[in-house]
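First structure 1, then structure 2: two forms of the same chain, each alone, as structure tokens.
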Structure 1
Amino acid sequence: MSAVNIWEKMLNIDRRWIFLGIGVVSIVPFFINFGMPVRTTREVESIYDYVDELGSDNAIFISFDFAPGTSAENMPMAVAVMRHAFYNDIPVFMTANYPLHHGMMLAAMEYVFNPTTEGFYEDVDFEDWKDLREAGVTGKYELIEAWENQGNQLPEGALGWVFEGRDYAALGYAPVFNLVILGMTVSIETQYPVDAHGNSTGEMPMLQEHKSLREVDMALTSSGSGACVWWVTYAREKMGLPIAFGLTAVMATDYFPYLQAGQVIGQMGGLRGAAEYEVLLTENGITPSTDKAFRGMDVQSAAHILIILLIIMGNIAFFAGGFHKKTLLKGGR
């Protein structure tokens, strides 16, 4: 057997062995748990700092602009910012730009309000505090007081109450979303007369206080497609709404021009960006522990190392085997 043949055999290995390799590498670190530190970058810090400055008088949008396909990356970003906002009592409007994305919004709420999630928030349905609302109790702190006076008790482990219509409004999907953004620069209520749960938005205290995008302080678009640009083109360029990007890693490098030109205040890129936000939340005592994105970073490290090794080994086999001589084109690069 000649030397060339060994290299050729190596390169023609059944790729299911490689599949197995990547599978093993992505499972094992979960059980060893190195917990390697993640250093934060200014791209993510600027979003965190901006949200941290806001309070119950302000309001933000979180737009769920991703499908299930990229939820592993986009969901932790949206969830992290949502928990940050709830901690600071910032009202959150939630939207989705496509029918499938509507489902992701609901899934995010399910996660944050679920008692099995560490550091969850106890959700109060819009209908359940109707009497208080009609009695004119709409300020966050007096609302909590009145609500607890009615005999409601915060469940163990919950970080706080969130009142639908006061702390969040699940607006959901509306078609031709770029036009919806344009329309919301005038009035949110005309674009969303009812929310995803069928509640009348006009009755919501947070909509009465923040009637249009002009009275909103930021929009985060957690996006798996080019739709994130709509927020820049239709809200930022039209009336100056600060925009924050949460992008999948595949998209992240393409949007640096927007960041540098000052069209967005910051950007989270991929799982790493989400992990950075989780680290910031935990370091500042906003969440009791880091979440899924941070826990995935060990695996990410291991898998990157494996792939780099594979590239190096493959190239060695390729050049040592002399395959490069075969296919070279004159006009080629």
Structure 2
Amino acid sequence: MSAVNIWEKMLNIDRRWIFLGIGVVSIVPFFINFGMPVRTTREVESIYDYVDELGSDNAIFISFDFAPGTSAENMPMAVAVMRHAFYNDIPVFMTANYPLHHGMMLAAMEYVFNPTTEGFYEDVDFEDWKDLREAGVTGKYELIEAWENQGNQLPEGALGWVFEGRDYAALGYAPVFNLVILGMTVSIETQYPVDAHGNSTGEMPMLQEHKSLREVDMALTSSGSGACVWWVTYAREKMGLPIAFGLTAVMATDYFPYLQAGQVIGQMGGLRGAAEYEVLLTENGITPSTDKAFRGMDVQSAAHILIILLIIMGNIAFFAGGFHKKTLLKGGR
């Protein structure tokens, strides 16, 4: 076979081989952890640092403002901040701006509380510790002691207990969400009389201690749409609530002006931003290992490397085979 034929075959490679190659490099990292380095950026570090300074006397909101179509990017952001908050015993309010996004909130909880997840948290339902609430045991540390004195043991591999109503409140979806945010600046309970599981929010210790957004210390909106602006408009600008953005990669550049203007404390952009937060959690001993976003970066990087190699090979074949001369001759006719 002549050299020209080889170059010609390279230029006319069956696209199915390319699709197969992309498929292979996208699947392999799920089984072999390459661990390609991810350097953290200041806009992600600022969110991490802010959350890390908070404790059990504070509270944060995590708003699930994304649909399944962007969950590969948005879900790891929300999960990472949730795990950080649980580690620091920071009460977490969870909301969703559309009915479909409510399911994303439940999926995040299921993942974090699932014993098959490395570094999971053991969930205690609101009704299960009713007797302790009625006895006036609501502080986190005394609650853990009383709960374990009842014979409950933390499962192997769990990083800690989380009590519904003490450590988190799954508020979920309420219609006309921008007005819900506005209403929560006065009272959270009036906007959510019951949570996603039908529990009375007025009976929850964390709502008794943090009655409105004015008594909350930060809100993260993990968003796949412009809904993130609602938090800036109705919470940040109205009463100064610190806001953090978790955005898809295609949205990130559009929202940098909010970061530059100081209207948000930080921003996670796409899968890379989520992976950076996971790296910070692992480096600081908050999680035993990185999670889905970090592994997703391996997949993304491997696919990008293959595409670059194919482009380089195509250009080599085009010039080495002399096809550029033929193109010039045709253009001169």
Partner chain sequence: MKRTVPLMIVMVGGILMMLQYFIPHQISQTVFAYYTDWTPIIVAFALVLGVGSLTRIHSHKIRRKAKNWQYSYAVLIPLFGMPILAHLWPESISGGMDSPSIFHFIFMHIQVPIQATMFSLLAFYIASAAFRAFRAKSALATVLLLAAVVVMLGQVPIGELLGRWLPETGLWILRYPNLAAKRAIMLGVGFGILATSLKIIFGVERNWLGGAGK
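What you see is a predicted model; the values in this text were computed from it and never measured. In this text, the rigid core denotes the largest set of C-alpha atoms whose superposition between the two forms falls within 1.5 Å. Start at 1 and count along the sequence of structure 1; that gives the residue numbers used here.
Of the two forms shown, structure 1 is the one predicted in complex with the partner chain, while structure 2 is not.
The two forms, fitted on the rigid core, differ between the two structures by less than 2 Å at the CA of I286. Once both forms are overlaid on the rigid core, the distance between the two CA positions of I265 between the two structures is under 2 angstroms. Once the rigid core is used as the reference frame, the Cα position of A303 differs between the two structures by 2 Å or more.
After superposition on the rigid core, the Cα atom of V25 is displaced by 3.4 Å between the two structures.
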